[in-house]
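Only one chain is included here, represented as structure tokens and corresponding to the form predicted alone.
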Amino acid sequence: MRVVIVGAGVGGLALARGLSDQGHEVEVHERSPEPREGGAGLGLHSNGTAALKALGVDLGGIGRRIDGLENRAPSGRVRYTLDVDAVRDHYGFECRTVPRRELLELIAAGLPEGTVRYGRICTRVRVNPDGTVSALFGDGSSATGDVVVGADGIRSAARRDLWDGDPARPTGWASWQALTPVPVGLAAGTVAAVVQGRQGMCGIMPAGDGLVQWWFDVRWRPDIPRPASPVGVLRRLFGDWTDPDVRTVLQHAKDEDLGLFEHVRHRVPKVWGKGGATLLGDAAHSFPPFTAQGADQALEDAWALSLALSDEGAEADPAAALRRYESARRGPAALAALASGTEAATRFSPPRFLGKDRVSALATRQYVGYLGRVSNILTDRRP
């Protein structure tokens, strides 16, 4: 089967890896003129690392394993600790923070030469009368296959065609994020931290080799011009927080390292595509990063879609295989989107009378259950 993938992000490349290993003819078209070098870090939970393994990708020690996640008050007081190590023991797959660039390189390294083609800006997806599907590009060229998969992100051109418009709407929040060396004690450990207060949230996660993935979630409107100094804004907003790690991050932050990620969301429909066309990752289910499931859900999609397209009968009826994939993934992805859209939770503080240990145990149990409900691969729910 010939499969055309639009977008060389984590989900698109992972799908290409899975399909290529199963003997399909795959080509990936990426709008960037060269391999992506930007981006910060990614948090991969047990479902994301499980999907990568099933797709034949060995993380090989890149990034850093995460064994615990502290929820802190702005003062630095630990409210509770999510026992990520217990989650790993339950499902058999670890959680890691990895630099996005290194993960993309690792996945792409297993693809046949020439699979990814750069500088290809997709403008439309067209289902042809003969049942084939074409991706049309800004330079007037096109690529036709038995299947076209739009994996082109939160402003997906493929989605605009397949859904008759762009349903994604801003949530009123955004993240300033970076991946940099920061001399915090967390950088050398396996425990991450999320600090929550009325101004927003700060996340700090070790990412290996002295790097730290850090971000600040703040209220945001699309009509707000980018500030001349984002770091100055963050220091004004969070400067009275006394958590020592937040103070260190703010002290070492540089404007040139920061990237802005606007939070958007939309309802996840039951059907994602038409005919031999479908969507994957953020193109199918855009949601805020509150539960850090964006990359994991894209990898779940890649695993499920590679299975659906390799089933007996898929070559004779690709459209039916795509609808099975969408049906299998819709529920878990919709739940992940719903849970990730609760920005008000950034101001939640559990009652202190419950005690830190009790809240930690409760949060861990709830997360184990949540992860099973948003995952196909951990529960073996196949298309």
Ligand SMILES: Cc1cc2nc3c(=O)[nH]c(=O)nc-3n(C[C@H](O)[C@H](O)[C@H](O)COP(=O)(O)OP(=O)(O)OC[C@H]3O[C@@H](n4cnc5c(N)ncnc54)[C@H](O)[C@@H]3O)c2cc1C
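None of these values were measured; they are calculated from a predicted model. Just count from 1 along the sequence shown to find any residue number.
The form predicted in complex with the named molecule exists for this protein as well; it is not shown, and the discussion that follows is about that form.
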Pick the stretch from 303 to 311, 287 to 295, 249 to 257, 87 to 95 whose residues have a heavy atom within 4.5 Å of the named molecule in the predicted complex.
287 to 295
Within 4.5 Å, heavy atoms only: does residue 64 come near the named molecule in the predicted complex?
no
Can you tell me if residue 318 lies within 4.5 angstroms of the named molecule in the predicted complex, counting non-hydrogen atoms only?
no
Though only this chain appears here, would residue 332 touch the named molecule in the predicted complex if you measure heavy atom gaps against 4.5 Å?
no
At 4.5 Å between heavy atoms, is residue 121 in contact with the named molecule in the predicted complex?
yes
Given the named molecule in the predicted complex, answer whether the residues 126, 148 and 323 all have a heavy atom inside 4.5 Å of it.
no
Residues from 148 to 172 in contact with the named molecule (non-hydrogen atom within 4.5 Å) in the predicted complex
151, 152, 153, 157
